[in-house]
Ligand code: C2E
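Take a look at this single chain, the form predicted alone, given in structure tokens.
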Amino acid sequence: MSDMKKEEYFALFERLIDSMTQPTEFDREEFVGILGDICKLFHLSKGVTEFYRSLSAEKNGDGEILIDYDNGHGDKVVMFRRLVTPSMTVIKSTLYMAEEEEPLSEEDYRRVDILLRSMLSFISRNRLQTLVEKLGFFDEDGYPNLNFFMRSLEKLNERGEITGNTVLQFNLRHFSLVNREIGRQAGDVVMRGYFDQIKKLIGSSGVICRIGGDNFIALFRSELLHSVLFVIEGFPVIYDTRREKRIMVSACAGVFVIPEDFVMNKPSEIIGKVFPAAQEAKFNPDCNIVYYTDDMNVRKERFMEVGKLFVEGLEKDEFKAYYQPKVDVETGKIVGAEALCRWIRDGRVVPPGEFIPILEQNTDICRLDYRMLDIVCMDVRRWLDEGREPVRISVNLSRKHLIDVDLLEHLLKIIDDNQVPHEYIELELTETTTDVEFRDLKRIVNSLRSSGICTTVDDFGMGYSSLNLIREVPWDVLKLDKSFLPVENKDDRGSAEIMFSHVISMAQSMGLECVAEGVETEKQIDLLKKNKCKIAQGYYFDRPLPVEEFEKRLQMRSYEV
């Protein structure tokens, strides 16, 4: 190798190393240009690099192939190197030369080999960094994740540009029903289309990430909020371009408009504001979009306080069962009752609305359900021992129980430990809105029925899968939500009566016992009689009663009708 060629080689080698060790972003165009100059220096005709994420990917030819230089004058292999990294990724590089070119000298071969091994080592680290980025900041479907969002917040804050932005966390409404209606593959297309629509709206200065399932979080300039909320409230997404099929998608969202005087010390301070607003939007039937207010911090503290007092309440036996009779509307006879939880603390009855929604945020509600079932079983056992004639008592079970694969064993243990015949216990479960919950619900109801325990679908008509629910799940009792009962002096009373009549007729044809809850007037009783709905529950007969008062009603056995 001549001195001039050596000098050029060392200059190119220095440029290559400098390109590979830049502290800022890697400039691939510059890197490829240097490789081209090296190929020209050694009269190489082509350089090919291959990257495979695993050995099996290499075997199947499933990788990325880059031709970094090709002058089109030959493809005789002069050098091949293969590197398997500790993470089992594979990088291969092949150099080619024209047939008529003079072979590389021993010294040139060694120098090219050093360059090639240096390049492979760099590519290995660079690709590993890319994989780490992908695994750490993107989910399995390619959506940016929460880590990506947190990093974006920190970058924005570092530039002093955090104010003037809005953070929006949203949950696609009833998306499991979308999957059920059009199929999961088309559902994925819909989700991506909705995501892309918001991404297009907020532009490159904003960011939108998926934080799990059908939950997303976005950051964008506040002046775009109106346009984004337009999509949140409902936007048609095409999922079949050939047949022009589309579906309307909407979301519920929590909104935090970052004030001008806001100082962010860490990203969790912003997450901690938008998450409570999003939760409130998700569980608020009247409002799909909730803005963060300082009052939410007060409610958060209340949540924590209730959680602490709940444990104390269990230990001090502060939770009691109140019984609301179920009455045969023809005879006035008490044929059953629903056990409703009342929290008696410091001589005051804590309204269920002050603690039930809070306990439903985690599995505390399951502990309460088990306690209520235990109380009911102890009361039924005592009535039997005292020679009373019990009626079947229904106990509510939260949806939170559906994920418990051992639920049947837990329920039967409580019932059987109290030596209560299964015929006296009825379990009420509400409708579900997700595919997973629906499958679990079928499993649980089938298991309870095979154990001789009566099951009820509660609040029928409030969910979005009612007909499918009673068709596929073997319920014993259908409990009509009070919204089905026609209300006097309402314009739609006629249509409400028609719906009520048809639901009763359908349920009876399927062999289901019907219970109407929320019955308050004599005209409603007349409507039940007219449509042969035999059982009513509501203030027309009695409010939920402490056990002592309920026992007096049981002794009477019936009301006047």
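We number the residues from 1 along the sequence you see. This is a predicted model, so every value here is computed, not measured.
Just so you know, the form predicted in complex with this ligand exists too; it's not on screen, but the next bit is about it.
**Student:** Which is the contacting stretch out of 37-45, 64-72, 513-521, 497-505, given heavy atoms within 4.5 Å of this ligand in the model of the complex?
**Tutor:** Only one stretch passes the 4.5 Å heavy-atom test: 513-521.
**Student:** Which one, R173, R342, R151, R367, lies within 4.5 Å of this ligand in the model of the complex by heavy atoms?
**Tutor:** Only one option qualifies, and that one is R342.
**Student:** Only one of S447, N288, N418, N396 has a non-hydrogen atom within 4.5 angstroms of this ligand in the model of the complex; which is it?
**Tutor:** Spelling it out, the residue with a heavy atom inside the cut-off is N396.
**Student:** Using heavy atoms and a 4.5 Å limit, would one call Q324 a contact residue for this ligand in the model of the complex?
**Tutor:** Judged by the heavy-atom cut-off of 4.5 Å, Q324 is in contact with this ligand in the model of the complex.
**Student:** Does P352 reach this ligand in the model of the complex if we count a contact as any heavy atom within 4.5 Å?
**Tutor:** Contact with this ligand, yes.
**Student:** Decide whether E338 counts as a contact residue for this ligand in the model of the complex under a heavy atom distance cut-off of 4.5 Å.
**Tutor:** Because a heavy atom of E338 falls inside 4.5 Å of this ligand in the model of the complex, the answer is yes.
**Student:** Find out whether any non-hydrogen atom of D458 is located within 4.5 angstroms of this ligand in the model of the complex, and reply yes or no.
**Tutor:** Within the cut-off, so yes.
**Student:** Tell me whether R180, P236 and L467, taken together, all sit within 4.5 Å of this ligand in the model of the complex, counting heavy atoms only.
**Tutor:** The answer is no: none of the three residues contacts the partner (heavy atom, 4.5 Å cut-off).
**Student:** For the stretch 372-391, I need every residue with any heavy atom inside 4.5 Å of this ligand in the model of the complex, listed N to C.
**Tutor:** Stretch hits: a single one, M372.
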